[in-house]
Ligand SMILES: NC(=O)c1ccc[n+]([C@@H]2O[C@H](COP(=O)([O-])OP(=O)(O)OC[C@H]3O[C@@H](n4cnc5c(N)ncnc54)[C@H](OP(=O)(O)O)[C@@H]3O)[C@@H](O)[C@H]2O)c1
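First comes one chain, alone, set out as structure tokens in the form predicted on its own.
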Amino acid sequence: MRVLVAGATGVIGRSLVPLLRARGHRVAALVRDGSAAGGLGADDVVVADALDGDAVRTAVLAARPEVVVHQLSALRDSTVDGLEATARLRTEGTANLVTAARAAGARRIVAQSISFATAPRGGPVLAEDAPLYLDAPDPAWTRTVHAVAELERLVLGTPDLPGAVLRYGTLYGPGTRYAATGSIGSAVAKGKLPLPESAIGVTSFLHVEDAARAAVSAVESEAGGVFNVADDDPAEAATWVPEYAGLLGAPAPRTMPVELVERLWGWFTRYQLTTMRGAANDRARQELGWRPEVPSWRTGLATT
């Protein structure tokens, strides 16, 4: 079928395009800068800024997709500016894609979301029906979660364009913050990522290749709704941080008070290490037929 991938030059998009083509689909890459599309291997390239509704409509109409895949983000930039840019892509960009997909006669949309936007209430690992953390105390994270909620509303709220939302876990692999040369990987390797005194926050990891494979499964499925996409091994910070350090041959992380962790690393890192919940992947397995080929971060986190 004809598939358009928005965000084709991102860390997931670069893996997704060749996987879709290997499955026999004709792939159009929607990119902001045509010169960045080299090496993608897409059948077609269309150019538009996702925040320009008219340009998106023109590009999508030219591609005539049956399925639109939304992988737009600016998360390689982990600053407040990067979070705000991603929030706009999740709100304005999603609205533009949904409108253009309907105009082009697409029959399905698949969109990237995040599993760790859920509120830290209940057990350590949560399913898709867990509420989002819309009342988070940190303004940047509140903005992020509200943008996630709007993306999901837009994708799932258009009856004539069935949608699937893939809530990815914390991504690792080439080009991510958790790669050996990424910001988190480098900090762990240098012994600079500390452990708070209460390191019980749970992270559900996901290799970027498994994220791309989940998107292929969603493209080829008729199942709709929200799906957590994460590996089979959710882990508390007290487990994964020192094990990651050991895999990298790095010094053991220092333990310090929670308040000092937040002062040095910011609200979100403190939240991830002390409070965050993991994500159950049962629904994606059952309804999408997807399962992680890298089932645990323990075998993949240090090899990227």
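Don't overthink the numbering: it's just position in the shown sequence, from 1. Please read these numbers as outputs of a predicted model, since none were measured by experiment.
In what follows, reference is made to the form predicted in complex with the ligand, a form of this protein that is not presented.
J.: Specify the contacting stretch among 185-193, 154-162, 135-143, 107-115, defined as having any heavy atom within 4.5 Å of the ligand in the predicted complex.
T.: Among the candidates, contact is made by 107-115.
J.: Decide whether residue 49 counts as a contact residue for the ligand in the predicted complex under a heavy atom distance cut-off of 4.5 Å.
T.: Residue 49 belongs to the contact set for the ligand.
J.: Using a 4.5 Å heavy atom cut-off, state whether residue 20 contacts the ligand in the predicted complex.
T.: Judged by the heavy-atom cut-off of 4.5 Å, residue 20 is well away from the ligand in the predicted complex.
J.: Does at least one non-hydrogen atom of residue 11 fall within 4.5 angstroms of the ligand in the predicted complex?
T.: Yes, residue 11 is a contact residue.
J.: Using a 4.5 Å heavy atom cut-off, state whether residue 213 contacts the ligand in the predicted complex.
T.: Flag for residue 213 set to no.
J.: State yes only if every one of 120, 237 and 241 has a non-hydrogen atom within 4.5 Å of the ligand in the predicted complex; otherwise state no.
T.: Not a single listed residue reaches the ligand in the predicted complex, so no.
J.: Considering 130, 199, 171, 149, which brings a non-hydrogen atom within 4.5 Å of the ligand in the predicted complex?
T.: Only one option qualifies, and that one is 171.
J.: Only one of 270, 57, 32, 26 gets a heavy atom within 4.5 Å of the ligand in the predicted complex. Which one?
T.: Looking at the other structure, the residue within range turns out to be 32.
J.: Between residue 86 and residue 35, do the C-alpha atoms lie closer or farther in the predicted complex than in the shown form, with a difference of 3 angstroms or more?
T.: Distance between the C-alphas of residue 86 and residue 35: shorter in the predicted complex, by 3 Å or more.
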